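Coming up is one lone chain in structure tokens, specifically the form predicted alone.
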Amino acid sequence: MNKQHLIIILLMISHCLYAQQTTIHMGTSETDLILKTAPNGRLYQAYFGEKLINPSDITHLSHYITKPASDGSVTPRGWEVYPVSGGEDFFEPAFAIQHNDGNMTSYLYFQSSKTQKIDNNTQHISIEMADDKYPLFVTLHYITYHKENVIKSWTEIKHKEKKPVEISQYASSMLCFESPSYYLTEYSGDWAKEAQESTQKLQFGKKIIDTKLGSRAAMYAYPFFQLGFEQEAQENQGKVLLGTIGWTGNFRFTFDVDNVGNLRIISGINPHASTYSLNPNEVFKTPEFIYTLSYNGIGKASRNLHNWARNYQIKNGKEDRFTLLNNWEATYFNFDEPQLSQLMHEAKELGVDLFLLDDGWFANKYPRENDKAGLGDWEVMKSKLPHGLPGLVEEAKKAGVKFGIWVEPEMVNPKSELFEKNPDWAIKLPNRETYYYRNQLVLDLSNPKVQDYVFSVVDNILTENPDIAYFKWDCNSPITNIYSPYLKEKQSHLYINHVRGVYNVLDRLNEKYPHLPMMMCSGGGARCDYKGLEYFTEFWCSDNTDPIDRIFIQWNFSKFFPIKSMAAHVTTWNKEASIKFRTDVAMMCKFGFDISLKDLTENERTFCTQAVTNYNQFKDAILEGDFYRLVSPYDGNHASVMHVNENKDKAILFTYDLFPLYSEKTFPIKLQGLDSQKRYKVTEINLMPNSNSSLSANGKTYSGDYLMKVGIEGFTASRMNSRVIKLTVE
């Protein structure tokens, strides 16, 4: 008897032992997810919904249906947790495999489960499953976050066959629902048009949200969705699921409505062009699918995700964030040391924490004078900066601000020394004309030598300049010319191994520089996922900083990501909008500037400086507090949001008049999240110098109950007008 036969016999014995029903109960403060085994030994979803008060009721849950066959036998059918293709489930599978003997079918039988308490709030449940005919093993992982009402799940796959097996589908998770109707809101976009929402009712068949861009993966489709049950998802009422995947590469969500109206949601890596040859004993780990189920609308679900992310997911989630001044729109590529020194002193005058030097500071043989050359050559351009980065860091110290810098280490311009020396380091077809997106190519991060190089870009800068306090890490091109010189005959591994290579680099950087703040940027907002945010403290929502457009972009990103992870800057976009309006829009997020003070009037400079002071006074509420979307820009000509600190003794309200019509009637803004018993003084701040508030509630005191039930008149009839209103407990 060989080893493989022994393994299969042991699996069959285990299958017999566990043929009796097993119940796996996973819960949060608001939700229960319950799995059960059927008499056939396979695992089914019995329930996913509002928390059950009485544990004894779990015994009544029907976890599968039986369907008589023509010979009178009965076969269990139902919501199998991780169905494999080729079986009796006729709908979209979670997993597909081809074994060594060519067979493309597997059945996974429950073996065991284990619950590990991580802390008083968090549990890790792992479920072992195996095929009874092949040495194939699948482990389902779930982590439940009790207080935050968030669950994340992923899958690990391995086998002990003699040769590699081919896996062509490998979902992170499958969730099943039964409802009269489903309304999916998805998010799409492009450069400067990020996170545009659209909603549709799901009908019979499959709806797929996916991307095939490899690296700048969220340029068109975004890795998150919201699902409303029986109605379109509402802000403050109704059953809503928010879901997102932690994967910086190609992802896919499949929404499969069957012939009787049941819905299966399958999430994971997009298997497009990515059949994976899995070696014996190699573990294939899928990305994490992260979700929260709310019975009080999108707003509650968002706050669940925000709290979870700050506590558990984003880098330095409980630490402060820098305010900053970026030089990009003030100088673009055209700058020298005296200009940068002037901007550093302007940063100090503004009162921000940090000066950020953007693109254009590097390369000598092919100087980075524009975006056509220099990427990959990360030495300081001597003609521009004769004293190098040490000189700039020292100049920032003299100005009294910290210093940060822009890099794009995953990319290369063909016009660079790096490409001349290592042309096989770029993802590039060997036998066709090369297509260049933005004059650049993507470095092949599946190659360990390239990983070492990309790591060295940041490591060398920090070794020479340990006082550099911040990095802006950009990624401006999707993967084109799909071919890896390193992978050779395993080209279908490229999309997956490239992203894993990015993570390998970031893991090394995180280990060596665990507290280094970094912004995740990708031609704007084309990287916005929770795996990326393990390594980055924030992401750049869009290169579009027009305040009108940004209200919509920030509104939608805020449904899934906490405010402290969303960077927003005051810029020169839309000069028809006042500096006040542009500033008030940026202040609702992680705050910065991308202007030169010399282009402002004295009053505007005074205003911006005071705005930074105001922001710092309310930073705890803005970055750490509960966030409420009060009036949607999609519903008319106005928008409003607010932040409330944990103790509910401080809040800040933002109101925006977009393009109100002449004599348009406005309605009071009803606030949320306050303590109904406390009394709040209302004060308008962020006023231009020598101007007075026209807010009727200014200086008055109201109960939290009044402010939430009656509200205050916060809107005006003026176009592109804004108010920032603080509420403090007396």
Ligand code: DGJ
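As the structure is a computational prediction, the values presented were derived from the model and not from experiment. The numbering used is simple: start at 1 and walk along the sequence shown.
Below, we refer to the form predicted together with the named molecule, which is not included among the displayed structures.
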{"item": "Region of this chain that lies against the named molecule in the model of the complex, out of 146 to 154, 100 to 108, 392 to 400, 521 to 529 [heavy atom, 4.5 Å]", "value": "521 to 529"}
{"item": "Partner proximity in the model of the complex: residue 546 to the named molecule, non-hydrogen atom cutoff 4.5 Å", "value": "no"}
{"item": "Partner proximity in the model of the complex: residue 557 to the named molecule, non-hydrogen atom cutoff 4.5 Å", "value": "no"}
{"item": "Residue 476: touches the named molecule in the model of the complex, heavy atom cutoff 4.5 angstroms", "value": "yes"}
{"item": "4.5 Å heavy atom contact, residue 358 and the named molecule in the model of the complex", "value": "yes"}
{"item": "The named molecule in the model of the complex: contacted by all of 406, 438 and 540, heavy atom 4.5 Å", "value": "yes"}
{"item": "Listed residue that, although the named molecule is not shown, lies within 4.5 Å of it in the model of the complex (heavy atoms), from 486, 312, 328, 91", "value": "328"}
{"item": "Position in contact with the named molecule when the complex is considered in the model of the complex, options 264, 303, 643, 472, heavy atoms within 4.5 Å", "value": "472"}
